[in-house]
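Here's a solo chain for you in structure tokens, the form predicted alone.
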């Protein structure tokens, strides 16, 4: 038996030993790399999939720097006023415009069971879509409501939230989620929460007035289809003269084990009102909770932040459908809206982005008084901008940030019991 074991081990070691090769060692300078050289999988990815092997040379790699905004009041972060989910930013009439989810309620969110007609269940419940303008992107003048909650039973009578903007043939269109029930209500038939359709309002001016379409823009899928339960986060762009509207839905079951799988689809229409035709390859992205999209070169780039096997990546689809990871990032913005000058121009060589707005949840540091705040981020995801300081790979955070990710009492108990069992086993 022992001889058989050693024989097996020798075969295993032999299979792991590199075979003699006639090719030279990998060169110090890439200019000396032979075109047909055999490469490891890692080096193949570096040279074939990514734009450049060095992050400094990768146009789709960046760090993100954040700045607090001026001009918004949050009532002492007591949980009664919240601003979140900013739209793309556009430049009209000599100033920047942004739309966002705005909540101003008598109390902080109380959860579904504690909510009523005036008390919100979640941070985005009982909300309206407001807008603000700025001349520099740092100080903003709040202009007020753009899309109010319509009367019951029109779509969005409970809350309108998570808007994004489209400019098409001289008119303006806001796409948003239209809630008909407090967020957090469970629908047993669909086995899902937060079932709300995508609605749309249009205007001749970014200042309004806005006219609601009063129709569902993107229909839910059939009962056995991946987007049967929810369609969230509409994100419209213009490509080939058509409206490319990306949206989030999910596969499988949302439970304590996080089996729910956030994914992204694409629907295309000739006009902003639709009808939108869903792409046959949907889902077109396998990750991302609040993904940010913008035209880049001839294709479209996506900042994929939280959730999914490819979270914290920046991805690119040259054909606007088949996304590949272009880089891995740090401190990516959450639920961001970007200033993308080419979002609606159909430019075959789009420049990319350098800044936008995102939100931070739990702005006051007290989860019992939850509210969100808007902030600015700057980056270098632009062909015309070259800022090496935004291409560094080592973002150093204070030690306290790491130690805030502490063990829970339940985790400590499990580790304690596992250690006792291990010591007993090793006696």
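Positions refer to the first chain, counted from 1. The structure displayed is predicted, hence computed values, not measured ones.
Heads up, the form predicted in complex with a small molecule isn't pictured, but that's what we're talking about next.
In the predicted complex, at least one heavy atom of residue 84 sits within 4.5 Å of the small molecule. Proximity of residue 233 to the small molecule in the predicted complex: non-hydrogen atoms within 4.5 Å are present. Of the heavy atoms in residue 177, some are within 4.5 Å of the small molecule in the predicted complex. Taking the partner from elsewhere, residue 376 is found to have every heavy atom lying beyond 4.5 Å of the small molecule in the predicted complex. Comment: the small molecule is not present in this chain, but in the predicted complex one of 310, 194, 128, 342 has a heavy atom within 4.5 Å of it, namely 194. The contact with the small molecule in the predicted complex, taken as any heavy atom within 4.5 Å, belongs to 290 out of 227, 164, 108, 290.
Segments offered: 200-208, 84-92, 274-282, 129-137. Contacting the small molecule in the predicted complex at heavy atom distances within 4.5 Å is 84-92.
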